[in-house]
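Presented below, as structure tokens, is a lone chain in the form predicted on its own.
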């Protein structure tokens, strides 16, 4: 048991039917419909391999896409093929989730065999719009068709989906109400890495927060600065631009219009409140880059600009590199600029390399952050690469993770028995 959660070390799985909720939700090419990146699939392999090698009958449950990104809401057939290639062993797939065909396929499994059922988000109770508007209790989640049909076939439920730990759905919470339940190897790895950053960081601890998800960045800043977990926050991306606005410098019509269109204007006042509370612990850019037929840099005195701000400037980069080099713990979430384009990639490229080169322990997480790390070839030099986005943000913001709560409740029930 770890942190009140049972792990695979607490169970013998040979000959048993094990339902494993993995998170292999992957970016999809809009034109071809193919997988763009298989990082999450690869991260799931150790637990799947361990269970199959131990003689378990392994039933994999997973999601792909959602109502919020409907173009990604597709079948998992190609995921099964990729898993089979990476595992170098057969992975069965059936175009059913918990109907008669799925039940029959699960019953037919032999020791060591693997079966991936289709996308759980084809069920209403699994999609975010349902979860957000219909508030089911854990007991009600356990009585949904998915759990009701599959749970009686299984001896153990393993949750290997830390990236979805902030979600509250039958496949993530419901099974833990009715089956002996463990966290998978990746789940525990990610939990440990983030707990190390949030709860027991070596100091100085630096957070690099960029990207466009201001709500995520601000909730993390408030929490880790008030707790004393972070000593400094380096802001960049739209997060940095909002901080500069809050500190009294106009950015220019294009950038301010973008902030307004994204519904981020209220965060200017929140940035002022953070500045009043934490002041010099929050560092904001002193220069920016625009794309005017190529990269052009402007210091704060050169603002407002008639061009959209697309990256932090070299003075800011150099300043941030110095802080990162002296840090004992570094957490990174959100790129510094539009890293996909040459004129605006410099900030992210140099900061990510600075993190990779720093002697301190580093954790990087979030889809764009990891994609940028892959683009610049630095992920292997990072301390830990987290598969999660929303779960990671909520953990670091001090919010409850429904899946962690469910795992602990299942552990308490097992111990009581």
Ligand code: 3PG
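Numbering follows the first chain given and starts at 1. Throughout, rigid core stands for the largest set of C-alpha atoms superposing within 1.5 Å between the two forms. Not measured: the values here are computed from a predicted model.
This protein has a second form, the form predicted together with the named molecule, left out of what is shown; the following refers to that one.
Note that among 44-52, 346-354, 63-71, 370-378, the stretch whose heavy atoms approach the named molecule to within 4.5 Å in the predicted complex is 63-71. Between the options 183, 208, 117, 164, the residue in contact with the named molecule in the predicted complex by a heavy atom within 4.5 angstroms is 164. At a distance of at most 4.5 angstroms from the named molecule in the predicted complex, none of the three residues 255, 295 and 307 contributes a non-hydrogen atom. In the predicted complex, at least one heavy atom of residue 121 sits within 4.5 Å of a heavy atom of the named molecule. Although the partner is absent here, residue 40 lies within 4.5 Å of the named molecule in the predicted complex, judged by heavy atoms. Along 14-33, these residues reach a heavy atom to within 4.5 Å of the named molecule in the predicted complex: 23, 25. After superposing the rigid core, the C-alpha of residue 131 moves by 2 Å or more between the shown form and the other one.
Here's the thing about residue 373 and residue 68: their CA atoms end up at least 3 Å farther apart in the predicted complex than they are in this form.
Whereas the displayed form keeps them at a certain spacing, the CA atoms of residue 160 and residue 130 lie at least 3 angstroms closer in the predicted complex.
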